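Shown next are two forms of a single protein chain, provided one at a time as structure tokens under the names structure 1 and structure 2.
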Structure 1
Amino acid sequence: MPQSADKVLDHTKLFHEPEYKQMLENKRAKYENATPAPQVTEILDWTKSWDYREKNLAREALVVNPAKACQPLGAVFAAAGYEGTMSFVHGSQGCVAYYRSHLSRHFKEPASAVSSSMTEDAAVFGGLVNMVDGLANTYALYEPKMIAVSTTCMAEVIGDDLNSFILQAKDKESVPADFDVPFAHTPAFVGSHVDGYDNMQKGILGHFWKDAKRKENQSINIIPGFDGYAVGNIRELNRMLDAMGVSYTVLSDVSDVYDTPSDGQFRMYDGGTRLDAAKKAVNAKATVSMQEYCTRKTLELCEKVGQQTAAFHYPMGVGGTDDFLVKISELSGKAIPDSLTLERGRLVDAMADSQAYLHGKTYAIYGDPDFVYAMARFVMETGGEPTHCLATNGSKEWKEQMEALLASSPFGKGCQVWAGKDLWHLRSILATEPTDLLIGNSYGKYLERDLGIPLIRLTFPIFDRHHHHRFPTWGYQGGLNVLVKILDTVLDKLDTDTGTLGETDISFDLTR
């Protein structure tokens, strides 16, 4: 008997004990009708071949392990960044359970949202009653300052009209007539979570700015975009802008609501962009998006009201941060202070110290379009080669932007861009053309296991490592964090490769 109270074995060890191993072998041999081992090996080898790669890349209908989620997730995330705001997702209720779980698993934090719980009858008659009752219940129970309504694909397919429903709910006094209920249609069968983010931002800002008489001031709006590192990044953003003395408003600031303290109190809402600040943000002279693909429609709205706009691709690393700060300086008229120049110098110093371990390393990078762009750019700054860049939710236009970026550096030569491809495509690509390192999210661990390419987790979602999102990846300070994560992986790998006593340990060096 393997188990004991003294040393309790859980699943990580228990099933590798002889009793269990034998039991599982017996099950396989007798009852499973399993494929014989040689045939499994043959197919396994085939899945890593060029032949398989060609067939795999020729897929037209099947999608396997895509690195993207659906629109409402982005909408819920965007809404969570406004003061006292509850997301109300109109449609089937299971979706909301999924978004909440997904966000909680990444942030290790509460994620609140409600559903209008539509079922078969609503599929036939529409979900008006659900909206009317639902808004009243949410308002009474959770005392929000704003309710942001988005939709699941069920409500979209049957064609529920949010604007009309919300007006009718107000007529029926579900919520006070002047209560803020912005909305966004967020069909899951169009785009991905980054578009849901965009639509909800446009919905919220459009709601606040609808009848505003704009009086331009010197303030700058910053829209962070959908970002798993938002907690660390928004705080870093604030720190840099404060150091510059810029007057600014972060539109959708989730840094507090996804990082509440443990002190005995559950805060359903915390921090966030104040609603009056969101209203006044119409007066800003400019709106700067940190992620172009999260804000395409929102920036159109900003332009329409008369603001200047600028969009970045998740500014990270030296050049990314430089460009961002220069633009902010240009828009605000404020100089970049020496303190930030010093930080820049320290990041460059660290990169110089470690360049020997990074120069010429090859990478596969996947994630949302803006992240992949930024990551590839930073990798090239370290002398690395972003050999394969993939975004399941990347468009043709993104591919062109990526190709232009890669063409701008000798380290981008020969690198390939994969728009609209999934992680099973990436498996074939890396099985045939392996890289030294893989940068992505937790789902990448399957590729790491299958292909032996070390994974560096740097983008949403990260379920199997804790708290990294509390540290920034933006700015020069964030650049240091990213640099250290890459270096740790490189150096750990070097130790592993040289770490077998008496066999491979000739180069098991103390100083590297």
Structure 2
Amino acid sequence: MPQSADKVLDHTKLFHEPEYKQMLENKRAKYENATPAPQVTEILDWTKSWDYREKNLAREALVVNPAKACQPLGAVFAAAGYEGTMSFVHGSQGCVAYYRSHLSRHFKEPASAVSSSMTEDAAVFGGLVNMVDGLANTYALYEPKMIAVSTTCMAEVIGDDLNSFILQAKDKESVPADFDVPFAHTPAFVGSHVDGYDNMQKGILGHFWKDAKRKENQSINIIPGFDGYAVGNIRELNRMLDAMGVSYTVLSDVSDVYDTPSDGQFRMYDGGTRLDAAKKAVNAKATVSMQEYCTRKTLELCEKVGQQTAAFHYPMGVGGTDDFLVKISELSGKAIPDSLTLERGRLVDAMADSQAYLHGKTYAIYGDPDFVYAMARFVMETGGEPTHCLATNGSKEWKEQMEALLASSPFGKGCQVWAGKDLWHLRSILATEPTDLLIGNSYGKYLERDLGIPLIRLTFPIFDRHHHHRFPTWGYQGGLNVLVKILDTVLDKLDTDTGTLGETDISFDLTR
């Protein structure tokens, strides 16, 4: 065999060794009864045609590779941003394993969450016993300061009442009567992870703010929303707000949770919004959401207690950051400092320096509604042309907002907005109307391979590249990072297209 203790091959090389090639060939011949290669090629070619596209876009009863995840994932993410908080998902173990693996694969950090481990008997008789035992075990084993409860499909289908179950568990002394156990119903079969994030934020804040006597101060609450770049973005957000001298509280701060150091100490809980700060946040003058579609119900709660609210679409680039800082200045009475104005000018200068390589480039952009909006806006600032904008969890209202944004710039003319479509739809769209570049998450690498359109990874999840989340995409500095990623992809493609010795290398330029 080609592999031994002294010679350990990565799987990408191992399965190309002769022994494995022969093994796989024998398997195909004996068991798979594969369709002949010419027929496979013929069908693949047809799936890239306009005829197939029309059939694919007319599809209603099937979703193939949606660009979204389910509600409980967003709930687990939101809860992780609070001090000493353990997520308790009322449902099966397999579901929770998915949430943990999804987050840990993206952030390259442990993602703690527990399950009530519901099985067939709980599906028939209800999960109260699982809740009672599970809360007791969680409290005893993991010593959290708060347990945040959410649900999966199983618990929602049978109608388990979280509020009642938690009260009964406290009666049975699973946890102390005054222990914080906020909850949110997060049915995975409707909505997406952004809705789960919203429901859990509302559940936690509603728990702390219930019956509170509000005494308004000048502080501003900031809700980041579900964000794969949260480590870098929240730290960049803190830096900008500190530079302005604003009094603020970030609600669900995961920046340290998903970026713990390797120093010999395991941190099950690290950082996060302090629970006493979350309680006092009811007194804030205003609550500002960095992502509107992640916080609609939460902002309604904030308005109900008497706070001003404002919502943005993932502030990125010049215009998005301008709008955010101007609003913060208006709410806080603090001026935007010269240091941030200089950063703005540097971003504009960088965009101007590289304009010749970005002007007229066409893009397909997919992801969460707020991200797609922000990305399209920034692309147009660079002179690029968003051609296809897709959000599987995008609503009719989101589509109207996108169309208004695109109509505001000559670079948005002709862009098609695809709300509710998935990545298999996008494959047909790009096969028939290709673009220069593709922006989204790691799942787009299959589109890149299939259609030859370079992929720029800029949103959750990113599994096949490391540490992107440590660098911001928000603010002027984040906009510069995004600009560089786009430019590197454009210039790498230029090198590839001009890199054949003696054939295409006439313009294989050293200086660009």
Partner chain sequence: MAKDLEDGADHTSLIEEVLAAYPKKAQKRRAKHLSTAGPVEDGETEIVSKCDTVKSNVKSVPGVMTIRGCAYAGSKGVVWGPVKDMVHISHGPVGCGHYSWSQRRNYYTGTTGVDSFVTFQFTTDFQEKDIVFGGDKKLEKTIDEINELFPLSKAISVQSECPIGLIGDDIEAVAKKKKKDIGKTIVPVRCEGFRGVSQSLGHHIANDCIRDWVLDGEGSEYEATDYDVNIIGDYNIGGDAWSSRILLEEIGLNVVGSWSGDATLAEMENAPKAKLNLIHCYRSMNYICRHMEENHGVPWMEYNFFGPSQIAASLRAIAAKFDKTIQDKAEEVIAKYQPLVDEVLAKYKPRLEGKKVMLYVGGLRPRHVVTAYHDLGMEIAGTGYEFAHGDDYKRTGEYVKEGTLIYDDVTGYELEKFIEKIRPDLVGSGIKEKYPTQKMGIPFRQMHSWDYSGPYHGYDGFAIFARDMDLAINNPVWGLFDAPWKKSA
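When a residue number appears, read it as a position in the sequence of structure 1, where counting begins at 1. Keep in mind the model is a prediction, meaning the values are calculated, not measured. Whichever C-alpha set is largest while still superposing within 1.5 Å between the two forms counts as the rigid core.
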Query raised in the report: Which of these two, 1 or 2, is the form predicted on its own?
Result: 2
Report summary line: The hinge between the rigid parts moving between structure 1 and structure 2 lies, among Ala335, Gly414, Pro36, Val64, at Pro36
Report task. Return the inter-part rotation between structure 1 and structure 2: the angle in whole degrees by which the smaller rigid part turns against the larger, from C-alpha superpositions. Result -> 19
Report summary line: Shift in angstrom of the Ala29 C-alpha between structure 1 and structure 2, rigid core held fixed, comes out at 5.3
Query raised in the report: Core overlaid, His11 C-alpha shift between structure 1 and structure 2, how many Å?
Result: 3.5
